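Given as structure tokens, the chain that follows is alone and in the form predicted alone.
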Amino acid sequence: MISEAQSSLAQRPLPKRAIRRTGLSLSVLGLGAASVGNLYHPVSDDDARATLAAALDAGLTYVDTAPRYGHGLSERRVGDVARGRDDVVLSTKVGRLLTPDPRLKGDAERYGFRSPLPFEQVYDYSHDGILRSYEDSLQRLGLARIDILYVHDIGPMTHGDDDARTFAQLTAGGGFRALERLRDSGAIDSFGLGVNEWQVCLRAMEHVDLDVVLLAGRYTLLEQTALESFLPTALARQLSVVIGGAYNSGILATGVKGAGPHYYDYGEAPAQIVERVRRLEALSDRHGIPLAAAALQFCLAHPAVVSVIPGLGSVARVRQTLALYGAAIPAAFWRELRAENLVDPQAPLPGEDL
């Protein structure tokens, strides 16, 4: 539990940070809208609307969605709440087109989502595919503008042996050119990648000037591989970073005290990951803080990071996230974290004087 004293920051207005190349400001906490697309379990229309409204009213005014999330359901729900508000910064993604399939009935889980919408997903990163995806998203959202477009799930982690062909759709096939056209015309403010692997970001930066990258799971309290070269390059190129997956599929939120199974990176956690989390959890217990609070606040300490976007599927999760963000974490916790080699020595920690 988090006491009132520990969560004293939670009631203050959430600060904003600007995407360096374009100046668009994002709330430091945003809302990842996969959950309101029925990720793993159904969420009712009323609960989805209440969750989105509670987040926006609390200052989480940056919302990220995608056609993939619920096969269009997340975009429909986000648009219905965002419509008419002028305080929302919205991102969605391109690279998958949704095609109707009358054979799809019911809400059996497909690609992790329990959505009844009868659409199949087809990858298309080409010039015309990007423009069609953008137009289709405007229609599903019911909005006249999208602030940020991310190229979704490009790279070998998703595409395997098809990686070269799909990446070529962005380069020789004109996908990046389409995004530049949208940005240069003012149709969108910024564009970048939404990925689970930082290496493909460096590849993309050889071909195009990205504004912002949504990186999931690769810069967290548990894993800092992005420090090797991506984050230093991002700073040098004035590229801003949004962090998804700050809890590494939930293991940093739940800890490992229970019987499990424990999940990491969309699958069952290997033994070495469970042991590392066990050490992190023991350290947070000694200091009387939630491990999830440390995980959330750690990500925001890096100067390239402009926002962290937990997946939020209920009003209770919105309130809990605000409390975790506001939790007071003693300086001694961060010092011991480094002393016990539980974090990369190059990782910035909250409080530059630690």
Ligand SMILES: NC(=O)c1ccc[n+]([C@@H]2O[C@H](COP(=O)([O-])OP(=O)(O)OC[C@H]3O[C@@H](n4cnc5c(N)ncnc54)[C@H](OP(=O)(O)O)[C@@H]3O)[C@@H](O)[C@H]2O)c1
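Source: prediction; values computed, not measured. Numbering starts at 1 and runs along the sequence shown.
The form predicted in complex with the named molecule is left out here; the points below concern that form.
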Item to check | residue 317, heavy atom within 4.5 angstroms of the named molecule in the model of the complex | outcome: yes
Next on the checklist: Within 4.5 Å, heavy atoms only: does residue 69 come near the named molecule in the model of the complex?
Outcome noted: yes
Next on the checklist: Residue-level question: is residue 311 within 4.5 Å of the named molecule in the model of the complex, judged on heavy atoms?
Outcome noted: yes
Next on the checklist: Residue-level contact is defined here as any heavy atom of the residue lying within 4.5 Å of the named molecule in the model of the complex; does residue 250 satisfy this criterion?
Outcome noted: yes
Checklist entry - Of 75-83, 199-207, 214-222, 135-143, which is the one stretch near the named molecule in the model of the complex, taking non-hydrogen atoms within 4.5 angstroms as near? => result 214-222
Item to check | the named molecule: the contacting residue among 289, 56, 304, 34 in the model of the complex [heavy atom, 4.5 Å] | outcome: 34
Checklist entry - Considering the named molecule in the model of the complex, which of 233, 171, 254, 121 comes within 4.5 Å of it through any heavy atom? => result 254
